[in-house]
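First, one chain by itself: the form predicted alone, in structure tokens.
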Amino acid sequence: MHRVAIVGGGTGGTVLANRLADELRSEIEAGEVDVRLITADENHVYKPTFLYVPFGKKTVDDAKRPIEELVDRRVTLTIDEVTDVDTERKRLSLAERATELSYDHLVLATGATLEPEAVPGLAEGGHHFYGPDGAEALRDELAAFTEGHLVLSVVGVPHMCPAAPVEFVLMVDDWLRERGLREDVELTYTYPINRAHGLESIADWASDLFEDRDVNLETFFNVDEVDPDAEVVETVEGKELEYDLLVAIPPHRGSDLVTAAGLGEDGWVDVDRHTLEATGAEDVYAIGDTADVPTSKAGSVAHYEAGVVADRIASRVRGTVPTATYDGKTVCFLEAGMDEATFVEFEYGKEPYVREPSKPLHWAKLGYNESYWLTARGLL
């Protein structure tokens, strides 16, 4: 029997499990293949929903569904935490299981973890919208915010949903204008390198909008420390920036499992960027945020990577040479305010073309967010 173990029940892991259940349907039903999805969380979380929580457009509950409702019946679902990966013996240790699990093909889809504690004072002095608690706390803070200096600071790079910080600033600008508060609020956006985003075309697009909407842009702004009492951000470049409300994108790290298994530094798996096979072990793949590839840590990346890995594993199960490869394809809707959005698509080595924002693209983004659960099921 071919045993396929997938660790992580986010977008990548769930889509992959369902794709394999469909692709290897006959082999699974014949008892020749076992596809197992292992996740510590009983709920599947669609993280892009959190962007809308601070503005009261969505709730935290809108972002989650029981994972058992999303996974094909042919997939063995295990709700447990993987505590160790032994790539030499091809075995996994689980927190609640006395015996180890053996695998023939392993896929790590362990995602990214927020680490605000890595910057002194950030957890105490800053807010974020990258998790349920942070999004709700920011919603409450924003509801009471009527004047002062609101700073959005991208502290950690790389980070999940790379366009979300730009989206938040453009959305909060609109949100404040709708309430007649914008004249009393100064907006500042900071980024660690010499432009507003890692991708030059998006940086140019965002910079033009920031200028049109009177949003201050600070570049080469690498946060070193936050003084929550004085409400000051200090940088390694020696700058200081006062704030009344700080919204920060915290540093991210990968999984300790990855580091302990010798598969990559800082919890990101070193992989071939086209085959997504780990460079440090045989029959191991990584997809989604945990895969160290030169593109965005976006949900669409995990989705497309899952399709490639599903095809490659199916080929190996059937004894044929895998030919599917990942070309870095990424698609992303970007909110340009509360009622307009744009859309980009790109791959390795290519800059995205940023379309003119429009209401139809905004509604297309909202429509996709509602239909995401079909994507998780492998139906889109």
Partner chain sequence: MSDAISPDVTIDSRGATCPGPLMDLIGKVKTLEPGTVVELQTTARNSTTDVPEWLEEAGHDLLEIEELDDEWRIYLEVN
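Numbering follows the first chain given and starts at 1. Just so it is clear, the structure is predicted and the values come from calculations on it, not from any experiment.
From this point on, the text means the form predicted in complex with its partner chain, which you will not see here.
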For this session: Kindly indicate whether 157, 193 and 237 are, all three, within 4.5 angstroms of its partner chain in the predicted bound form, using heavy atoms.
Result: yes
Problem set entry | Interface residue in the predicted bound form among 275, 113, 76, 222, criterion: non-hydrogen atom within 4.5 angstroms of its partner chain | 222
Exercise. Which residue, 184, 117, 200, 227, has a heavy atom that falls within 4.5 Å of its partner chain in the predicted bound form?
Worked result: 200
Problem set entry | Segment assignment from 142-150, 229-237, 297-305, 203-211: heavy atom within 4.5 Å of its partner chain in the predicted bound form | 229-237
